[in-house]
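Here's a solo chain for you in structure tokens, the form predicted on its own.
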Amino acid sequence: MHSAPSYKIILGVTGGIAAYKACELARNFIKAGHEVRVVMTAHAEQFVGALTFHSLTGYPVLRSLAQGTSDLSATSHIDLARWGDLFVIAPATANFLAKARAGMADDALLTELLAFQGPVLLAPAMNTRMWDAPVTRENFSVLLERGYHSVDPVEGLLACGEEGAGKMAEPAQIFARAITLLQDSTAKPLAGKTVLITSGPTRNYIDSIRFISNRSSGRMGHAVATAASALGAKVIFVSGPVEERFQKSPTGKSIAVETGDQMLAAALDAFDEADFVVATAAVADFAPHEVSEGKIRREGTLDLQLRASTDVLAELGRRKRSNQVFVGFAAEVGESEVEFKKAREKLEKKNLDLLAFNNVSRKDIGFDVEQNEILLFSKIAEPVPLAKAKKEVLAREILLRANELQGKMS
């Protein structure tokens, strides 16, 4: 019989009356065999003493970056961030949400959180009027968009005597959500599988120094590579010319190309071993009939005769095996039924299983930004909206849905 895995939990406690419930939450983690380290704000200590958490967990409480822990080091501001598997903030007050949204680091809790790179779970707790305040909801929404998770407050009788939403969820509910997050973050559902990704733009040259291209930063393709690696897949990453930070996959094989023909050749070399093909690349649609040698001089006018260039997506689609899942992307200017019709046609013509539609006319998503919002089309179901979030979050969701779809094929 295999024993349940043991996780490392960072429990952040802020200054609200619900802080006493954090004691029960810590006890739940410890009973389940997990290790807990607590970080408290100064306001939290007005409700529960640090000695209580020290007694429960067996470890000193981090209360500030200058005192409160017996193993203080020169890197105490990031020690727990390096150590933990999950960061739980319970309770998360309105003040904390505002500071976290702004990226502040003026106490030990906020500093460790800023340095932490794993899943974060928020358990908000506050007066109903504070919870309903537009600025609080906006702060909370932004944190969720950044990839944070939450157990939303519930309705009930509050400490102030008022009744309404704002009461922290029960420790058992927070514990259950935390364990689910940990299992999801450590699971490797794509282990043993290969993901082929095309990313970035391609170029078709007019002369020796000028070219035609499509706009693409390579952020989305790099996000897919990062998510695929985290999910346990072998990654083959084919990228057009982008910034160096988006040029290579965190793991696996990275291939740099420039033209659409080069991208197609590299993708075809790896195509047969791929279980999933995710084509995020913005391949240049047109190429000059002829490429001029040297440099065309800036004199008079320049008339370019263009032809349709190699359709990489269509060429790969023709070769798709029945057990491969092929994911394409559609960047459209607008999101009316006209654009949706084009997306459905692309899904069929290119032999795609999934198509991620995004409206690049919006400034807050799409090109050159960290977030996107996607409508995921498939041949077997109605389009599924994926809410605005970091591209890494959306990439993970797309890959998990692709994996689920492949399971139905077998």
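Here the structure is a predicted model, which means the values were calculated and not measured. All residue numbers refer to positions in the sequence shown, first residue = 1.
Keep in mind that the form predicted together with cytidine-5'-triphosphate is not shown, yet the notes after this line are about it.
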* A279, T310 and E332 each touching cytidine-5'-triphosphate in the model of the complex (heavy atom, 4.5 Å) -> yes
* Structure fact -> Counting only non-hydrogen atoms, the one stretch of 281-289, 148-156, 82-90, 221-229 within 4.5 angstroms of cytidine-5'-triphosphate in the model of the complex is 281-289
* Asked: So in the model of the complex, does any heavy atom of R344 sit within 4.5 Å of cytidine-5'-triphosphate?
  -> no
* To do: State yes or no: in the model of the complex, is some non-hydrogen atom of K350 no more than 4.5 angstroms from a non-hydrogen atom of cytidine-5'-triphosphate?
  => yes
* Distance check, P124 to cytidine-5'-triphosphate in the model of the complex, heavy atom within 4.5 Å -> no
* **4.5 Å heavy atom contact, G166 and cytidine-5'-triphosphate in the model of the complex** => no
